[in-house]
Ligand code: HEC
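Encoded as structure tokens, the following chain is the form predicted alone, with no partner shown.
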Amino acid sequence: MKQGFPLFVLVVSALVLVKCKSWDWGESSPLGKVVHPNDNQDDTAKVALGESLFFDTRLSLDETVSCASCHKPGLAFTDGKAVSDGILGRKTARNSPSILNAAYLTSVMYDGELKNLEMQAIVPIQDHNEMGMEMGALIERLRKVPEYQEAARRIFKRDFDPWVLSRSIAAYERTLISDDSDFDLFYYGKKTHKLSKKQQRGWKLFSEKLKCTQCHALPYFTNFKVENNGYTPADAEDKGRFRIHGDSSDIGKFKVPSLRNVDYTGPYMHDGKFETLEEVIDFYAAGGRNVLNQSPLIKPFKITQKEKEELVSFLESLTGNWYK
């Protein structure tokens, strides 16, 4: 988006927010209240600026890639690809994760190393394969955009700089809440008709027989931990969190993803190798690959075709109503 942000973005934002608020929990969202950092409190003007920056391809070296290129609203803020397209025909190293409900994350990125969205916002911008932009050059470029410079002065009382950039994008990302799935209405809203009998059997399988909630715990459907799910062998090129500290006990460990909106976030795994939820279930039913550091929670189990269909049907109920 190369135009100035106020009118166009505010109209689009209004439409998205209407969809996002298809169910009003009042003050009792099952996900809890969004907590904003002391140095980045919620502000509607800041969110509007962040949204414009999120969709602006000028944040990339060749002006072809924006944050929204890899995090598309219509795909639960993923892009439907195994790995994403970066600048100059390059490919990203990992599958694009959903940023819905990122406001609740206790750590950010697949390695679980970064502590907040403000820190994360500048990582893909500077990544060689993703947006490839040197921060000094980017700030110089964006200060020449009258709307951005004016907004920085008005909202932050300073010239446009990395602080303005990171705080604005993070503020926008904290508005991307998905808490109105059929499962939410069934489980938290006591609307028993929202899940079919098939989906209810799938939920029982998920929570009681297979105990998937040990890693994909309610209400976020993740435990926020960095785990080895049995997928990544020790000789893999991408060894997960190992790349951060070089600790051999971290080989193959990645942050447990949320399963909310999972039917929109494929392909699956950090490298996007599995196209369908059925493939993912088959992988776990086999007990993973028996790799180094594999979590003891990953054990083989038997599941019938009927049960698999029920499980997939339940997982589909985790999609927010604004995608339906």
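When you see a residue number, it is the position in the sequence shown, counting from 1. From a predicted model like this one, the values you see are computed outputs, not experimental measurements.
We do not show the form predicted together with heme C (HEC), though everything after this point is about it.
**Student:** When you measure heavy atoms, are A151, I155 and A171 every one within 4.5 angstroms of heme C (HEC) in the model of the complex?
**Tutor:** Negative, none of the three is within 4.5 Å.
**Student:** Would F160 sit within 4.5 Å of heme C (HEC) in the model of the complex, counting heavy atoms only?
**Tutor:** Output for F160 is no: heavy atoms all beyond 4.5 Å of heme C (HEC).
**Student:** Does the 4.5 Å heavy atom contact test between I251 and heme C (HEC) in the model of the complex come out positive?
**Tutor:** It does not: once heme C (HEC) is placed as it appears in the model of the complex, I251 has no heavy atom within 4.5 Å of it.
**Student:** Taking heme C (HEC) as it sits in the model of the complex, is K204 in contact with it (heavy atom to heavy atom, 4.5 Å or less)?
**Tutor:** No - in the model of the complex, heavy atoms of K204 and heme C (HEC) never come within 4.5 Å of each other.
**Student:** How about V108 - does it come within 4.5 Å of heme C (HEC) in the model of the complex, if we only consider non-hydrogen atoms?
**Tutor:** Output for V108 is yes: heavy atoms within 4.5 Å of heme C (HEC).
**Student:** Of the residues L142, L75, L210, M133, which one places a heavy atom within 4.5 Å of heme C (HEC) in the model of the complex?
**Tutor:** Contact with heme C (HEC) in the model of the complex is made by L210 alone.
**Student:** Between A45, L292, L297, A286, only one gets a heavy atom within 4.5 angstroms of heme C (HEC) in the model of the complex; which residue is that?
**Tutor:** The residue from A45, L292, L297, A286 that makes the contact is L297.
**Student:** Could you run down 266-305 and flag each residue that has a heavy atom within 4.5 Å of heme C (HEC) in the model of the complex?
**Tutor:** Contacting residues: Y268, M269, H270, L277, V280, Y284, S295, L297, I298, F301.
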